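Form predicted on its own, single chain, as structure tokens, below.
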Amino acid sequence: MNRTTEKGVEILFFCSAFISALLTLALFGFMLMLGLPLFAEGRFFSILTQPWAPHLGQFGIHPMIAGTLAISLLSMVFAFPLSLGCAILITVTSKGWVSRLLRKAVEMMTGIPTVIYGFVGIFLLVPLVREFFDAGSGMCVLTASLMLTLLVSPTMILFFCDSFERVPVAYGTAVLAVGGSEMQRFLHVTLPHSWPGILIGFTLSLGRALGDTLIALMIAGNAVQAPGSLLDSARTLTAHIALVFAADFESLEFKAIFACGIVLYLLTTLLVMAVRLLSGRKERWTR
């Protein structure tokens, strides 16, 4: 590849990155522009803390923020150890065709439409949760979190597997040469050197959990309340946007969904910034 071609490729990549960043900022600007009446009227921050009570003229999104955080964070509590264990099974304990078969199965799961997970949750998981706990309708925070775990785990597993496989083979060979086991090689060499991929996989999966609509819409119960337990029904910000979108465009009810969008955007941005900050600190510590 000559110098001119390399320069052209660099310019292409730079333009792609610039356009992506510009589109991201444009989306945020679009939400701010449409949510401007809330800021002009001084209602934005009150909407963040008020309950959703249209009969009282209150259109707060506090219950949806609580529901979003409860469902997405609980799903990550379930998904992270499950994904890490599956990745270890695929890359460390399994060999040959067994490892390839397990990986193909996980890759196939990433292509299953979200609505299929929702149907499985309604007809299988909801009755099981309802009968096991003998309380509520089964459409609750726990059910939505469990199904969301199944949705985001394949992405996390593949990122974990790729990060484990990127560790130089020579590092692990040195451990085996001095009598170490496969698990010792993984714990003392592979895992410490693969943290960037683990962090990225966790971040992307959490972002998908925060932004998922169908799972919460179909099996979380859509109760407009801040959940007090795992068996309480809840509504997420994304589900709320989908349900309220058909409201009168001039009403405060409709304008409140732009507050939902802004909150989701800021949550995702803070998550990415936190990961970059932790990554930078980790690099300084390991030098």
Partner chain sequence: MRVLEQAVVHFSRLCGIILLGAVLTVIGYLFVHGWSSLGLSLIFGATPPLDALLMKRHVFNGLFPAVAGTLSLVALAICWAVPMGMAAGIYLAEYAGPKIKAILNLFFDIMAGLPSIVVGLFGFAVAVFLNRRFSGAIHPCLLISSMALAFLVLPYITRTTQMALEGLPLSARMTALSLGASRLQNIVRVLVPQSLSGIVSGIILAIGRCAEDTAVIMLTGVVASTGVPRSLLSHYEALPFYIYYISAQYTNSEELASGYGAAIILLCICLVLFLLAFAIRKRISYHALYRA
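Worth saying up front: this structure is predicted, and the values here are computed from it rather than measured. Positions refer to the first chain, counted from 1. Whichever C-alpha set is largest while still superposing within 1.5 Å between the two forms counts as the rigid core.
Here the subject shifts to the form predicted in complex with its partner chain, a form of this protein not shown in this document.
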Q.
Under a 4.5 Å heavy atom criterion, is residue 224 part of the interface with its partner chain in the predicted complex?
A. no
**Q.** Contact of residue 211 with its partner chain in the predicted complex (heavy atom, 4.5 Å)
**A.** yes
**Q.** residue 133 within 4.5 Å of its partner chain in the predicted complex, heavy atoms
**A.** no
**Q.** 4.5 Å heavy atom contact, residue 194 to its partner chain in the predicted complex
**A.** no
Q | Option touching its partner chain, based on a heavy atom within 4.5 Å in the predicted complex, out of 26, 36, 48, 53 | A | 26
(Q) Please pick out the stretch from 194-202, 169-177, 111-119, 69-77 that is in contact with its partner chain in the predicted complex, where contact means heavy atoms within 4.5 Å. (A) 111-119
**Q.** its partner chain in the predicted complex - contacting residues of 65-99, heavy atom within 4.5 Å
**A.** 81, 82, 85, 86, 88, 89, 93
Q: Verify the C-alpha shift of residue 228 between this form and the one not shown: is it 2 Å or more after superposing the core?
A: no
